[in-house]
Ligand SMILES: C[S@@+](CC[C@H](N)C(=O)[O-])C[C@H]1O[C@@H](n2cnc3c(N)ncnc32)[C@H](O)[C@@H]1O
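Below you'll find only one chain, the form predicted on its own, shown as structure tokens.
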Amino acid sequence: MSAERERWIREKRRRAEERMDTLFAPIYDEHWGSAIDPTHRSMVVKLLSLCPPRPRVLDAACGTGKYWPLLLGSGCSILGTDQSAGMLTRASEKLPDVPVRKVGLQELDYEGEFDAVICVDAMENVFPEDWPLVLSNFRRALVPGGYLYLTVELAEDEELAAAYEAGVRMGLPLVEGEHPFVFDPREEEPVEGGYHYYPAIPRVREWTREAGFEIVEEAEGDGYHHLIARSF
């Protein structure tokens, strides 16, 4: 990785945490934190059907705890982790008995503690260089034979190509599949703002298997590709 890209990634992570704390945490539940989309719900239910009774679940990048009522209602014990202190504060205000820890996906350091890991609507914030690391962190956190459920956000090829071309014109150290822009109709050029990465699904499958998982269930719906995998 070039020094320029390394600095850019570090700054993107810093700015993402800042936006989550100050912009999204106060309004997340109002706009996105209530109803669980149908495919998401069915995949969580499927995951729990594969786990032993009363499983211990790591909700990685848990946000404001959107999935906690569903998990708790199924008899799970939960640990919620997130890079954003603001999101964790909102989660704890709603369900103070669920333990939380401020830690990024790249820094997860658990070993053999969980029957299942869920990472929902979050992997789009992970840079391609970090995907193998994050998946290995999930694998290490699980007991042997434990299960992972993650989602991969989908985007149109044309939109991604336009974002990449705009980034190249601006001199950004992008790789294909990255979308670092907010498109403002008042501006002639895209405005660099957030960050999403949309890997090809075959590459996601390869990374998942290389990290020590066997994929047992896949689905598409609600704007995401969904994947359940068993550790080996």
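Small disclaimer: the values here were computed from a predicted structure and weren't measured. So that there is no doubt, residue numbering starts at 1 and follows the sequence shown.
Not pictured, yet referred to below: the form predicted in complex with the named molecule.
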Check: For the chain seen here without its partner, which of 203-211, 60-68, 168-176, 47-55 has a heavy atom within 4.5 Å of the named molecule in the predicted complex?
Finding: 60-68
Checklist line | Contact residue in the predicted complex, chosen from Leu135, Met87, Ala116, Ile78 - any heavy atom within 4.5 Å of the named molecule | finding: Met87
Notebook entry, point to check: Is Leu105 close enough to the named molecule in the predicted complex to count, meaning some heavy atom within 4.5 Å?
Noted result: yes
Note to self: My question is simply whether Val120 lines the interface with the named molecule in the predicted complex - judged by any non-hydrogen atom within 4.5 Å.
What the structure shows: yes
Checklist line | 4.5 Å heavy atom contact, Ala219 to the named molecule in the predicted complex | finding: no
Check: Might Ile9 be said to contact the named molecule in the predicted complex, defining contact as any heavy atom within 4.5 Å?
Finding: no
